[in-house]
Structure formats: structure tokens, C-alpha cells
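Here's a solo chain for you in C-alpha cells, the form predicted alone.
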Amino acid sequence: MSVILDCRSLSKKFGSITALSDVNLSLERGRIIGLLGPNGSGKTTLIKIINGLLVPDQGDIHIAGMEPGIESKKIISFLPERTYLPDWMKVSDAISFFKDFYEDFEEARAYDMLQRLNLDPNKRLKTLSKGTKEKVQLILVMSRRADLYCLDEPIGGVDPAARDYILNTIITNYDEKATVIISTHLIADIESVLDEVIFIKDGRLVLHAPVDDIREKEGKSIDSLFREVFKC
């Protein structure tokens, strides 16, 4: 498999606060990867740099060989931690917006997922709960045929009953040549779908390894190892 994301000596500061420090990371295509760490560890900063929303102070980053910019954004599907769609929109308006904006958006997939979750496309977003808005946003993101999906806390605001469906949506709606990065603190809920994990602490990469290798070497779950490393 070819490399989809390559970071070299990536660093970012906000004033006196170091958000990322000398991060070296190479991710291949066709993987589902957990980006794990406590709040303030640098997860969202890294995701924003990947998506061209922040510029690193030092180091280099390439997505499919490209620096972050207009061309790289065409192949990245990004789910931010917070909802951003305007409340006046109907769900169907949001689908039309994505269809107009992204060439790789598949409208039929979006409506199929809405139906499976029993979500009414004629509902206005302002009438939906926070969790339902997050479901709609995830549907929009996963209806693209992207090369790289960056999902920041995709299951944080939804009820446990919907988590299994959402995770199944993620693993069944991305191309085998694509890579999915899932940033979350709900490790036990996503561990079963992960191929690799990245542990990040105080802006530094402390672990990047295949899940199976960790279980074989450490003899414990990813959730247990996380709690040990981060003293949760």
C-alpha cells in the first residue's frame, strides 16, 4: 500500500504552549487508525494541520504527496468535533450543499444512510438534537469517496445504541484504498474496528503501531494500555 499521509518533524505552538512537538508519522492507505490521547494532547491540532486549517511552525506534511492546500482538500473528508451547518437548513439542503461543493459526493448513499437511521430529510437542523445533528454531519462526510477521512470525535455526542451503526457506517462506506483517522476518547467503543493506533501526549507521539502487534506484545486491550500510559 502507498503512503497517504507523511509528517516530518511537525511542530506547532500557540504562544508559549506547545501543541505539537517534532511529530514524525507515516500512514498507509487502506487502514482505520485511532488517534488517541487525553484532552489537550494535540489531536485536534494535528487534524487541523492535515486539513490545511492550521499551518505548522516547523516541519513538513504531505497528503498523497501534496502539501495541504486546494488539491489536498479535494481528497480529504473532514468531520470536525463541532457541528458547523447553519440551523436554517433542512437535512436535504445540507445534502444538496455537499453535492454542489464536492465532486466525489454520492447523494444516493447519503439518503440511504438517512433512511437506515430513520432521519427525515425534510427536518430543519434547528429542530434536531445535538446527537442527531452529528449523525447528519457524519453521513455527509462518509458519503464522499475520499482518500482520507479525518473524524474528530465522531461518536462523542450520540447514544450508545447508535454507536454500533455509526462505526459500521464508517467501516462499510470507505474505499479499501482510503484511510480513516478517528480521534476519540471512547477507546473501548472503537477498538474493534481499528487496524492501528496512535498515542499522542503533550504534543508528542508516544506510540504508533498495529493493534494486533500491541495485543500480542502487551497482552492487553488498547483501552487497558491507554489507561496505563496516560494513567486514566
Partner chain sequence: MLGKLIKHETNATGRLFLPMYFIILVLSLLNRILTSIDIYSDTLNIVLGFSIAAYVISIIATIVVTFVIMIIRFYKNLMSDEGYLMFTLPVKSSQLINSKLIVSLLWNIVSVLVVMVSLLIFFGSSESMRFVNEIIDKTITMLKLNFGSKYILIIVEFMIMILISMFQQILLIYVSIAIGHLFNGHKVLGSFLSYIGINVIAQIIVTLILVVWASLAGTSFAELEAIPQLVFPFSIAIATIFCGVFYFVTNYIFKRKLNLE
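Numbering follows the first chain given and starts at 1. Every value quoted in this text rests on a predicted model; they were computed, and no experiment measured them.
Another form exists, predicted together with its partner chain; not displayed. Remarks below refer to it.
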### Summary
In this chain shown alone, the residue from L207, A64, L54, I187 with a heavy atom within 4.5 Å of its partner chain in the predicted complex is L54
### Query
Which one of R163, K48, K201, R29 is close to its partner chain in the predicted complex, taking close to mean a heavy atom within 4.5 Å?
K48
### Message
Taking any heavy atom pair closer than or equal to 4.5 Å as contact, tell me whether D120 reaches its partner chain in the predicted complex.
### Response
no
### Query
So in the predicted complex, does any heavy atom of Y111 sit within 4.5 Å of its partner chain?
no
### Task
With heavy atoms only and a cut-off of 4.5 Å, decide whether G131 touches its partner chain in the predicted complex.
no
### Query
in the predicted complex, does E107 have a heavy atom within 4.5 Å of its partner chain?
no
### Within 4.5 Å of its partner chain in the predicted complex: residues from 102 to 120 (heavy atom criterion)
Y102
